[in-house]
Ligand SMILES: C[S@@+](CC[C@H](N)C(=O)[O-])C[C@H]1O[C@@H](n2cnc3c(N)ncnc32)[C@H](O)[C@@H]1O
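There is one chain below, alone, in structure tokens, taken in the form predicted alone.
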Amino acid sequence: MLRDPRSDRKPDGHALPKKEAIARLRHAMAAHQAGDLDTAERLYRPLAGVPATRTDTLHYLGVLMHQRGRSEVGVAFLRQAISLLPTQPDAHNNLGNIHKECGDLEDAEASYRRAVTLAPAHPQALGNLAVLLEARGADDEARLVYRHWLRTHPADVRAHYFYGRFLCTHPERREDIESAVDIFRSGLGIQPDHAGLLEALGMALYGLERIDEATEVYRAWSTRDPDHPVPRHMLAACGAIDAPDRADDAYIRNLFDRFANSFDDQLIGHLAYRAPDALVAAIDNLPHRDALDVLDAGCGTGLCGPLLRARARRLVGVDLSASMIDKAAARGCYDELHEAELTRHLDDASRYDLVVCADTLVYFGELNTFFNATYRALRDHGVVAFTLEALDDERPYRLTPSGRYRHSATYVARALRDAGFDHVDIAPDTLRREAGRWVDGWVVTARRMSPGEH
């Protein structure tokens, strides 16, 4: 609740002078931008009763309250600010951001549209509206908004990145991906070291099967930044250097820390990601006890969490990415969350009835080490369930130019049985879309044999 404006007067009873109020507001904003939320809030509060700073203060307090986990209060502050000055597009845009992060997509869309109506070239509102429309499946309108964003802000690197990504994710024809390549290259002309653009350009070239060109992108990137894990991994994925038995921890951490904020939108809204649903359907076809101790291995943002919660007495999540763990925690589904490498966590873990890996093992080539650790972490007759991308030849596994591994069904079955699993079931399925094509995969379940069954 806002303080009584009378408490924001100087001891002599006169209102705070406009010049001093504005200076204090700038000080508060600087603290806010530096991440010092305690100081920012302490400085903002008195200024909410000063006419010269009231509207902006309510606006920024709304953003701050949301950052502190008090989103309803944040929405109330922003609505007060908008009621005082309805024509401020920044406030409408930030209100949309809060609604979106709270899952109120209709309200978010309305706020973004209002911001764009007030300021048709507002870069943040245009980008936010385009991303939201894409997430909601309104691809035709999203395409128009992305195009308008880039046309009105040709120097905005974010517009290049997001519009190019949209074209790669929703290509109507091959020319869309070719256009994305040009857009990414144009963005790199503005910011040559933009990691997201470099990675997106390489992936677009992979989608066009221009692997040699993708390799040159990664090689130049690696030369410029030899310690960056992404170009090193992708050079291996393109066959330019020897492939490791599994993706390096630094690569996985970098990849998922960067995508934590947009991960759910990218997978569900853009890539028709269905691995969690396919896994849970497979688990539900198995005979199993109620009230299971479950490990979500490679939990990411917790997409499997709500599906597993109803089946779990205890639900534990583990992931290598701290940013992903933070997103998973916000879902409120997990009893425990751990930031750790999967195999090491399994070696240290208590016993589970079920271990689930949704698209986690696509970053592992050799699977024996993981299966052995999983066997030790499961109780007798416990189940492991996971998805993989399918390799349709007799090689055990292969790192592909997507940066992910594919596995043969023969290798997976043999490795599971060698580790002590039986009742192995490997079912073909499609897990996501990529560059306009479905990615073929395996949905796998297996049971841990008890020592007497070997």
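All residue numbers refer to positions in the sequence shown, first residue = 1. Since this is a predicted model, take the numbers as computed values, not measurements.
The discussion below concerns the form predicted in complex with the ligand, not included here.
- Listed residues 359, 353, 134, 109 were compared with the ligand in the model of the complex; 359 is the one with a heavy atom within 4.5 Å.
- Among the residues 221, 364, 375, 162, the one placing a heavy atom within 4.5 Å of the ligand in the model of the complex is 364.
- Although the partner is absent here, residue 303 sits close enough that one of its heavy atoms falls within 4.5 Å of the ligand in the model of the complex.
- Contact between residue 298 and the ligand in the model of the complex is found at the 4.5 Å heavy atom cutoff.
- None of the heavy atoms of residue 145 is located within 4.5 Å of the ligand in the model of the complex.
- In the model of the complex, the ligand sits within 4.5 Å of a heavy atom of residue 340.
- For the candidate spot formed by 246, 276 and 321, every residue has a non-hydrogen atom within 4.5 angstroms of the ligand in the model of the complex.
- Figure note: of the listed segments 163-171, 126-134, 148-156, 321-329, the one touching the ligand in the model of the complex, with heavy atoms no more than 4.5 Å away, is 321-329.
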